[in-house]
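There is one chain below, alone, in structure tokens, taken in the form predicted on its own.
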Amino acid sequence: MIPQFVVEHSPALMVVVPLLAAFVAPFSGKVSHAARAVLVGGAMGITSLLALVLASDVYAHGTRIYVFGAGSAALAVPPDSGGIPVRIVFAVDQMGALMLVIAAVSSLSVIVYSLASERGHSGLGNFYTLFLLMVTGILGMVSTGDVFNFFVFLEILSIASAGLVAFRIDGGPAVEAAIKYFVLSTLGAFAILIAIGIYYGEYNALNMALIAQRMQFTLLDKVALALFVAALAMKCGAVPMHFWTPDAYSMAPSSVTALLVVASQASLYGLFRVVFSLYGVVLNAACVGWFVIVLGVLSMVVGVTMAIPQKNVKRLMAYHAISQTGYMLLGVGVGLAVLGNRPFLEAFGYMAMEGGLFHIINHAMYKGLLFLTAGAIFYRVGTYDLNRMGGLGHSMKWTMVFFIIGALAIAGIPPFNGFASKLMIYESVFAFNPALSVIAMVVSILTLASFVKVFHSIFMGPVLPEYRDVEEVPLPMLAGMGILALVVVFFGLFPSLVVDTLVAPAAHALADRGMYIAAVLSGGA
């Protein structure tokens, strides 16, 4: 039984716990390695539990409003404020709750994995400080109801991520990747800050719901929209703004890369929140929807074609991550394109959005799993070069099984979760434009071919002499991969349960701009 105090204050606690633990982590290592492991593992376990408690409450009772510093946690608009939310407000609807579920499950599995995978390295106090700050940034981005605090949490996430990308210096390339990531993130943050200034100058507000209520879609609003979309599309790794992704994903420690996937999806959430909740039908939904669709198609095609010739397994997976982001953009873009057409929205628009959102959570699970398997392989053989691997299926059977699960899921093969979400995207997008659906299916075929090649290179064939003594990775690493693998299989076997319980409410909440505005400005549903 969860105490009511914890449920009521779960929005604040889920960002406070990792934030405090981040600053204690360097000191805990002075006591012992075990003390630090207990601290970061316990903090992440509590944080994930709090996020799941909040998500469960939102799915059960509707949008949660949490106001920092108010007499009542749900009092978003004080009586003497003139109708303006003046405090820091968290607004978590079903769309935000879906992102909390993704962040909670992924972060917990990654921290368990990292307790073994990073044990032999130095500087772990700083590593876990940055890791927990990343988690704080992600949870804050998907919970805040304020554009400026979205910017603040995005900056926390970006700075911590850049530090972790460069954590294993690796002779310089990791630092180069981190600098590229940091510079582009700074440019994106600058664009977002200008957009926020435009909103504040026009509407005297930073609260998303209030800005949405007052939105006039002037020329300046269009400029702000373009700045937000460009910055967040770059942050989520969409083509043609993807060029930081392969370097950062391939150079970061694998546990960090798995969390970078979730970080990219938090930016994707921000993009969807802006176009649906801030603008909605006020904008030219068909035009912006087609723009998102084009980004999605470019990401799918360019990502998979760049992945196929790669010899570095993590770089290959990074390009596939770009390709999979394209499916999410395609599905939600179709929903946005028909947002103003109720019959089309009911006929296939909602299904396309559900497919795109379902693919977000599926992608976080199977792509996180694949990056963790790549890290497990590197942990034992010390290379990501496919040309230097072979025969590891003889000695790393569990890692091979987890890789197979992730590879079949990303290729959209039943009965794994990637098949379920891709099928929804194929069917709904076909009703919108058959050519787009055909492109999506061809990309899946190429993805399957790519991972068959990778599987053969890593696991098949005789044991190579230099890997004769290779053993399976430690139990915590297997446990971290096992959590994600179980979710991949469960979501694939029971897709209707997941869609009906988690995804469909999120899609309808995202599309219903009026409900979001009313929930915040009235103090909660």
Partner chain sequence: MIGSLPYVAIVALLLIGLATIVLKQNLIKVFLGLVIVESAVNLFLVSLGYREGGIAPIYTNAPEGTMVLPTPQALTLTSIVIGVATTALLLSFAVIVWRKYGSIETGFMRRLRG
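Model, not experiment: these values are computed from the prediction. Positions refer to the first chain, counted from 1.
Although not depicted, the form predicted in complex with the partner chain is the subject of the following passage.
For the candidate set A440, L408, L295, M251, a heavy atom within 4.5 Å of the partner chain in the predicted complex is found for exactly one residue, namely M251.
Only one of D385, E427, E346, E176 comes within 4.5 Å of the partner chain in the predicted complex through a heavy atom, and that residue is E176.
Stretch-level contact check against the partner chain in the predicted complex with heavy atoms at 4.5 Å: of 322-330, 272-280, 201-209, 259-267, the positive one is 201-209. Taken together, the three residues I159, T186 and F190 all come within 4.5 Å of the partner chain in the predicted complex, as judged by their closest heavy atom.
Taking the partner from elsewhere, I194 is found to have a heavy atom lying within 4.5 Å of the partner chain in the predicted complex. The partner chain in the predicted complex is not approached by G82, whose heavy atoms all lie more than 4.5 angstroms from it. Proximity of D247 to the partner chain in the predicted complex falls within the 4.5 Å heavy atom cutoff. Among residues of the shown chain, V288 is not one whose heavy atoms approach the partner chain to within 4.5 Å in the predicted complex. Contacts between stretch 298-315 and the partner chain, counted in the predicted complex as any heavy atom lying within 4.5 Å, involve Q310, R315, listed in sequence order.
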